[in-house]
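One chain is shown next in structure tokens, namely the form predicted on its own.
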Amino acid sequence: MELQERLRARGYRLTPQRALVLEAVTTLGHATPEDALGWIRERASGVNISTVYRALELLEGLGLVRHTHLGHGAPTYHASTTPEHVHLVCRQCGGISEVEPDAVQPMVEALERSSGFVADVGHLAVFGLCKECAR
């Protein structure tokens, strides 16, 4: 089902602002609301940060974007069309990379065995040092 149909089914319409927010997140890969607003303002005027937050909340409710917390402050969003991944965040340079969920599968299985906890790896962020900063 396309975006416009999903919105209509929930009683909303596809506004230019909502389309721009989704395009910003898709284009940027990982975007905070402020990142998305900066990208949008290069293309259109009249969009404010509260509009971006409301659009992101709606788009996440529709399953079109997901968020994770990659540090202090606002969450970071990415399009749901990207394959599920675990975020690796470098504490030194701030770089963000991704690995497939298989990389943490032993931990996920151990958590479920030991405590019955079922992890959502799409929200998982591992903090440390990237290869370059670890040298």
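Think of the rigid core as the biggest set of C-alphas that the two forms share within 1.5 Å after superposition. From 1 onward, residues are counted along the sequence shown. All figures in this text were calculated on a predicted structure; none of them were measured in a lab.
Unshown form predicted in complex with another copy of the chain; subsequent notes refer to it.
Shown alone here, G94 lies farther than 4.5 Å from another copy of the chain in the predicted complex, counting heavy atoms only. By the criterion of a heavy atom within 4.5 Å, G116 is counted among the residues contacting another copy of the chain in the predicted complex. Looking at L124, you'd find a heavy atom of it within 4.5 angstroms of another copy of the chain in the predicted complex.
In the predicted complex, another copy of the chain lies farther than 4.5 Å from every heavy atom of G61. Among the residues H85, R41, R54, H69, the one placing a heavy atom within 4.5 Å of another copy of the chain in the predicted complex is H69.
The candidate site formed by L22, E34 and L37 is entirely out of contact with another copy of the chain in the predicted complex, as no residue has a non-hydrogen atom within 4.5 angstroms of it. Taking a 4.5 Å heavy atom cutoff to another copy of the chain in the predicted complex, the contacting residues in 97 to 112 are V99, A103, V104, P106, M107, A110, L111. Core-superposed comparison between the shown form and the other one: the Cα of R41 travels less than 2 Å. Positional change of V118 between the shown form and the other one reaches 2 Å or more at the C-alpha, relative to the superposed core.
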